[in-house]
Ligand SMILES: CC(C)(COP(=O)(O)OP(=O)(O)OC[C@H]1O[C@@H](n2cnc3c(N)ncnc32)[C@H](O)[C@@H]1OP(=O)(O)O)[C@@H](O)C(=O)NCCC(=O)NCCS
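Okay, so here's just one chain, in structure tokens, the form predicted alone.
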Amino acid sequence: MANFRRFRPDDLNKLSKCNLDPLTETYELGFYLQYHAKWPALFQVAEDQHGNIIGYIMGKLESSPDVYQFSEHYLPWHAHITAVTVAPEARRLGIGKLLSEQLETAADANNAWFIDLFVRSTNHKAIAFYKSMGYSVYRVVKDYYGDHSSDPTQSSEDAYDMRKPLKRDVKKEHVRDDGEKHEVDPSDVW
């Protein structure tokens, strides 16, 4: 049984169980605190009965700067999942899904058009997980990751920009069915 709550700064020393996964991005301490300060409702943790952090999600609300409003890459008001991870011993229990649903609820409450996230194109388990929750690939960001998770001979790895429409996007204007065919450079992503 997991308890879900907002992240607190003293949780920083408890994230290592989750961050040991090679597919989980680990950030500088200040980055976590910035999310806590700016988007506290979008930074949630799951803890076990002993108070160990066994999962967390970090999200934010944003849009592209107005100067890019007429660019094909402009992003309207939306939520972004920066990180979601679950400790290996707590996987397949629905924790990642519950964390994601909490963020979706907060994003809907803030009138966001959609939720997006980036995932390594080789992370097939995560891609299947997101697709099962209604996400689809919107575009491929070429060479987004500066390292490759499974092939040391490669210097970079593509990312899928995956999206899920929210209540505001009734006409599904901000998702597409053929996202794997739409490639962009990292400089096109804000």
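Think of the rigid core as the biggest set of C-alphas that the two forms share within 1.5 Å after superposition. The numbering used is simple: start at 1 and walk along the sequence shown. Just so we're clear, the structure is a prediction, and the values are computed from it rather than from any experiment.
Separately, the form predicted in complex with this ligand exists; it is not shown, and the next lines address it.
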So the ligand isn't in this model. With this ligand brought over in the model of the complex through superposition of the site C-alphas, is the pocket blocked (at least 3 atoms within 2.4 Å of backbone or C-beta) or open?
open
Which of 127-135, 42-50, 29-37, 60-68 has heavy atoms within 4.5 Å of this ligand in the model of the complex?
127-135
Taking heavy atoms and a 4.5 Å cut-off, does residue 76 contact this ligand in the model of the complex?
no
According to a 4.5 angstroms non-hydrogen atom cut-off, is residue 20 in contact with this ligand in the model of the complex?
no
My question is simply whether residue 115 lines the interface with this ligand in the model of the complex - judged by any non-hydrogen atom within 4.5 Å.
no
Under a 4.5 Å heavy atom criterion, is residue 86 part of the interface with this ligand in the model of the complex?
yes
What are the residues of 157-190, in order along the chain, with a heavy atom within 4.5 Å of this ligand in the model of the complex?
none
Does the C-alpha of residue 22 move 2 Å or more between the shown form and the other one once the rigid core is lined up?
yes
